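Listed next as structure tokens is one chain, alone, in the form predicted alone.
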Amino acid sequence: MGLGSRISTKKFLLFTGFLIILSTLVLDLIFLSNLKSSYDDTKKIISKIAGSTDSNENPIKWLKEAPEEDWLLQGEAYLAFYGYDGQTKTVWDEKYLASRNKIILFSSVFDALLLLLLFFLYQFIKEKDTQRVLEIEKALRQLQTVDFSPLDVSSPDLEPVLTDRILSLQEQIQTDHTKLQKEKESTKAFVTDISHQLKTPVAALKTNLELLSEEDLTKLQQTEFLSRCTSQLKGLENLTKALVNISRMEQDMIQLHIQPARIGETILAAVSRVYEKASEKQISIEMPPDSFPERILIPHDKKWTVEVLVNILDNAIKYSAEYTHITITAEPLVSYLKIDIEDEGIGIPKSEYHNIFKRFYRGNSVRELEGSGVGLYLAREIMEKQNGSIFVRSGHGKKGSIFSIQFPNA
């Protein structure tokens, strides 16, 4: 029985008690009125029979049948003639009063017993409610301890539905607590990672600025140190942008606008972003014409998909030697489109295939090289928000790496 049902039961008891008592009073009034009327008529009949001198009248008839109104009036006249004014107590009056008092007493006792019964029922329900509230309070206090030990909800005062809800609440609180703990640990790790990422460029900037403050530097040395400062500042700027994008992505502040668009144009936009950097190392970026069927329309967010491709291409250029090649191919399949970006770089150990997509992860072979370890993490987040995927494998002949990104057709 739920709380609403118990409240309804209390109201029902009060209403029922009131209705029965009111009905009893009404019935008593009707019954007493009929008793009084019958008593008066009987008294008049007996008076008429006693005072009648007509030998043809059969007195038994008037005791068995209802007399006419004139007959009753004559009986009433006889009563008045003999001085009966209603104040004089006769045997019949005593019997009438005794009957009336019995009816009133019975009705009063019945009403009193009924009220007492309803009172005890009300108190019983109230006591059960009090016990139920105490059990709920006990369970809630245990929930506040956040120790998540099994709750004692076996009390008979708690209905199965209420017990299930309390246990469900404990499970939800435990889930939320675990989630908060994970977020706390994640935030702590995030701050530690940021501190680590900022430590190296800031230290380098500090060293170069201290060296620049020396007065005996040559012009060439000043130019070199300024170039190093510029490089470190550029790295800090890129790291800041990446951190802002990660934060916005994780907080769902970035809204992707996915709509059908030509994937070839998206790839060209990404290539144009990294073309200059590739040219500096004489790295060619090739897109075989036969690997791009004309007018391929794929639902995707063009702006953020360009960021995914730029991150992959930028890594391919960074970790590849001069005069190498980067090849981009697209393969339409039944339910999705696969885009492969293959380089001839240093490659990635198989044991690190999954780790490279973690935030701030830096492989053992590239720790000494420039980078923040957030590009691929951001790329994975963007692809997952588009219901796509990204993974890596070794290049052909185990040379370099092939990054594959997949877009669902619809």
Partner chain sequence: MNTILETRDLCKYYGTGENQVKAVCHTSISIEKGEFAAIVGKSGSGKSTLLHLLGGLDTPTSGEVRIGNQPIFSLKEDALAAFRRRKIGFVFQSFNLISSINVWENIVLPIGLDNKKADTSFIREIIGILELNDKINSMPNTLSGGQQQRVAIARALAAKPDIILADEPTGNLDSKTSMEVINLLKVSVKKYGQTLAMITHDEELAQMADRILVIEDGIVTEDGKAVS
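Numbering follows the first chain given and starts at 1. Computed from a prediction, not measured in an experiment: that's the story for all the values here.
Below, we turn to the form predicted in complex with the partner chain, even though it does not appear here.
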message = Quick check for you: of 259-267, 316-324, 335-343, 222-230, which stretch puts a non-hydrogen atom within 4.5 Å of the partner chain in the predicted complex?
response = 335-343
key: Triple contact flag E237, K241 and K281 to the partner chain in the predicted complex, non-hydrogen atom at 4.5 angstroms   = no
request  = Name the single residue among E214, E286, E185, E94 that comes within 4.5 Å of the partner chain in the predicted complex, judging by heavy atoms.
outcome  = E185
key: Listed residue (Q131, Q174, S108, S99) with a non-hydrogen atom within 4.5 angstroms of the partner chain in the predicted complex   = Q174
query = With the partner left out of view, is T16 within 4.5 angstroms of the partner chain in the predicted complex by any non-hydrogen atom?
reply = no
query = Should F357 be classed as touching the partner chain in the predicted complex when contacts are defined as heavy atoms within 4.5 Å?
reply = yes
ask   = Counting only non-hydrogen atoms and a 4.5 angstroms cut-off, does S389 reach the partner chain in the predicted complex?
value = yes
request  = May I ask you to check whether S195 falls inside a 4.5 Å heavy atom distance of the partner chain in the predicted complex?
outcome  = no
